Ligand code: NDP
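Consider the single chain below, provided in structure tokens and representing the form predicted on its own.
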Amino acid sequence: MADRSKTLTTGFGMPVDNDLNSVTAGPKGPVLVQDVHLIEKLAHFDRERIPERVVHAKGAGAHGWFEVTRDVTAYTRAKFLSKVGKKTDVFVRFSTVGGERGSADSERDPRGFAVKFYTEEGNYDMVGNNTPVFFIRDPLKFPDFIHTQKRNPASNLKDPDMFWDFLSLTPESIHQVTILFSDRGTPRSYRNMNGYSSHTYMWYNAKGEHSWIKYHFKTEQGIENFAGPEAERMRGVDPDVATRDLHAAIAAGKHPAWRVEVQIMTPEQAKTYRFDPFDITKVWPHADFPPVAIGRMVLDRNPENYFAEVEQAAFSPGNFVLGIGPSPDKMLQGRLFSYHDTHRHRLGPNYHLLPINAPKAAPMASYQRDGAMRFDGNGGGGPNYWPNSFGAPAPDPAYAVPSIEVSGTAARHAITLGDVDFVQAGALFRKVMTDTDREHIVANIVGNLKGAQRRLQLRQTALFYKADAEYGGRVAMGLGLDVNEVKKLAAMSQEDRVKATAA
């Protein structure tokens, strides 16, 4: 008898005698329903596609490790950061944000940058992007924002009116829009871009003292971006350019690496800082809070199976370990719920048991039971409730996150910052960008914004003008708008500007 390990079987282990011909009534059929192998094969095929991610649908991933290079025990008690030289396994998924799974890697879009640390205290996820800021600062706006990045409900086409209508009505987006329409909006590869937590997080030490931090992952390969026309051409030449590049580089032994840095702010500094340090539309200026290198991340192993390891990978900013916790950042607070919830919808209530998501170096001990795809022992015969007196797992107060003060009235508070939202976008255009960068961003914006209605062009260009007069003026001229009209709109309040450009 042949080696059973080489014999094709059904999903339940029954050897298959023939995988080319269905069981039929005679050579010409019909097919008989008793062909359980055929029925199982078709039924599984019908269900092979799990729901696509609403955002970050297309991505690539790789395995690797993180090594601590600086003593940070004064700030955090996280064991995976407990000593210089300590290494922790990681899995990283890169992605585009707004497009579908079949979209091109070179689309103008932020890029997801998610890192899963398999620590001895459980999994810790750093779920960020390749930009240090975001378009909005309140999670209530998030579904609406994403809808405008998708397809028009009537035409099923990308719609510049939807896109620019929302952004021009949301002035806080100006900083991220400025980054997106620079060449940083079209990275050449996943290896040649930085990653950022964007959000602020809490680190706390063994004494219970806490600090606020932001993560930066700085590529050691150097920053490389496509210019707009080059990115557009690449969509047709190789829509999978970044996916292919990452896999090929690792396969060739060219393992990409990132220097991991943090910015650190004390609670006292946060209380008196000149803007809200938990506002994700703002960066912390490096002059005030210099980034400090704490580690290095290297990716050195490609997935063996894309679906099992990349498509089923599930990251959440709510996956913390002792020594790391959340901040009052409103967008982060919304994501703490939404990410776990979308994984439960997409992968099922037991998605945390999938090998790519399960902790490797720490046990799981919860009272969660049952549910679809529960493929471990389901807790055996032990208690499924707490409190109990049978010696089952118990909560440990030593793992409590330090308390922080909160106060205020429970209400839907509107954040009105006047012109503060425009300061960093203007500084980015004036002080950070080169002449070539400024030329490219104007061309990129004009090329996209020209497809929107004129009233939307005026309203959005006024926001660029508020950030910087040259910035707005050059976009206005590129669109054939009257610069004086744009200047007049820029001087108005947002409410009056909206009225002046109403449909």
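Quantities reported herein were computed from a predicted structural model and do not represent experimental measurements. Just count from 1 along the sequence shown to find any residue number.
This protein has a second form, the form predicted in complex with the ligand, left out of what is shown; the following refers to that one.
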Check: Among the candidate residues I294, A104, V283, A231, which is the single one with a non-hydrogen atom no more than 4.5 Å from the ligand in the predicted complex?
Finding: V283
Next item on the list: With the ligand left out of view, choose which of Q149, N302, S316, Q263 has a non-hydrogen atom within 4.5 angstroms of it in the predicted complex.
Entry: Q263
Note to self: Is D437 near the ligand? Define near as a heavy atom within 4.5 Å, in the predicted complex.
What the structure shows: yes
Next item on the list: Report whether the minimum heavy atom distance between R111 and the ligand in the predicted complex is within 4.5 Å.
Entry: no
Next item on the list: Considering only heavy atoms, tell me if V406 and the ligand come within 4.5 Å of each other in the predicted complex.
Entry: no
Note to self: Is V432 near the ligand? Define near as a heavy atom within 4.5 Å, in the predicted complex.
What the structure shows: yes
Check: Which one of these stretches, 189 to 197, 159 to 167, 248 to 256, 355 to 363, sits within 4.5 Å of the ligand in the predicted complex when only heavy atoms are counted?
Finding: 189 to 197
Item checked: Site check R77, K87 and K116: each within 4.5 Å of the ligand in the predicted complex by heavy atom -> no
Notebook entry, point to check: Can you name the residues of 173 to 187 that have a non-hydrogen atom within 4.5 angstroms of the ligand in the predicted complex?
Noted result: H175, I179, S182, R184
